[in-house]
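Have a look below at one chain only, the form predicted on its own, in structure tokens format.
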């Protein structure tokens, strides 16, 4: 879609949606939200950007292939569940640590890393699907080849000349 309004609004709207998706991700383990809905919001933001500027612009903005992002998220979610086994508690039990950064105690948990992994899985897989659908629609428009002429189809058929052209050539 090549409208001036969409191309003007898309970068700002994409940035706001990505920021909101991070907000939803971070509040997810205490209130409604989390990695799944945050990933959907982020994928929607990138879809809007893709509609406005094309598949190539989204691929350049992401820097990594979407399925690589999904794979990293799946790995992170799996590791978050396996950490609990190392500490002798059941699989997927939430564990917390409280490191101090610049004098402030920051709570970190396996619950948050699991949510971040889900966020990345949803973001990578949905964006991959959206880009594949958008990319499949673009080449069809550009790759339409002209139909071959009858002389190209059957070389043994000689080209017929227009009688008016023959008259002009004989003069």
Partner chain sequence: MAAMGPALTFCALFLPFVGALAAPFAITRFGDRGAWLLALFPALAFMHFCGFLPEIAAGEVATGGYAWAPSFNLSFSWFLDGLSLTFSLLITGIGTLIVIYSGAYMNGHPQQGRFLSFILLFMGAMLGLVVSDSFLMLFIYWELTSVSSFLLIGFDHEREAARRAALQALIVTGGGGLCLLAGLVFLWNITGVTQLSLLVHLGDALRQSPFYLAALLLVLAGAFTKSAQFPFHFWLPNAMEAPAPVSAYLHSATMVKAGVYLLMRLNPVMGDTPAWEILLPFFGGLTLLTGTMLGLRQTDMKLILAYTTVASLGLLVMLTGFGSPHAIQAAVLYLLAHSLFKGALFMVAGAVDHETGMRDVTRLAGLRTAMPVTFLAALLAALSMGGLPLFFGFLAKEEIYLALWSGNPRAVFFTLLAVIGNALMFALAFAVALKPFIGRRAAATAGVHEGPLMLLLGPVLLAVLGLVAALAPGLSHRYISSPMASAITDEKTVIDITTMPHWGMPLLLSVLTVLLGLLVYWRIDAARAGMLRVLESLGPGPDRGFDILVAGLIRFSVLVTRLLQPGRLEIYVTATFIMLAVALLVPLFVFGEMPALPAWPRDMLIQEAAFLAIALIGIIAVLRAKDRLTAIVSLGIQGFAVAVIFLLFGAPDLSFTQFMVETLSVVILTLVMTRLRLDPSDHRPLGQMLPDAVIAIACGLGFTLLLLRSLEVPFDMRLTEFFNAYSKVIAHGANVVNVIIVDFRGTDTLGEISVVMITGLAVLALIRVRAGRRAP
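Computed from a predicted model, the values in this text were never measured in an experiment. Numbering follows the first chain given and starts at 1.
Not pictured, yet referred to below: the form predicted together with its partner chain.
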Going by a heavy atom distance of 4.5 Å, is residue 31 a contact of its partner chain in the predicted bound form? yes
is_contact(residue 91, its partner chain) in the predicted bound form, heavy atom dist at most 4.5 Å: yes
Could you tell me if residue 64 has a non-hydrogen atom within 4.5 Å of its partner chain in the predicted bound form? no
With a cut-off of 4.5 Å between heavy atoms, is residue 51 one of the residues that contacts its partner chain in the predicted bound form? yes
Could you list the residues in 73-112 that come within 4.5 Å of its partner chain in the predicted bound form, counting only heavy atoms and keeping sequence order? 74, 77, 78, 91, 92, 94, 96, 98, 111
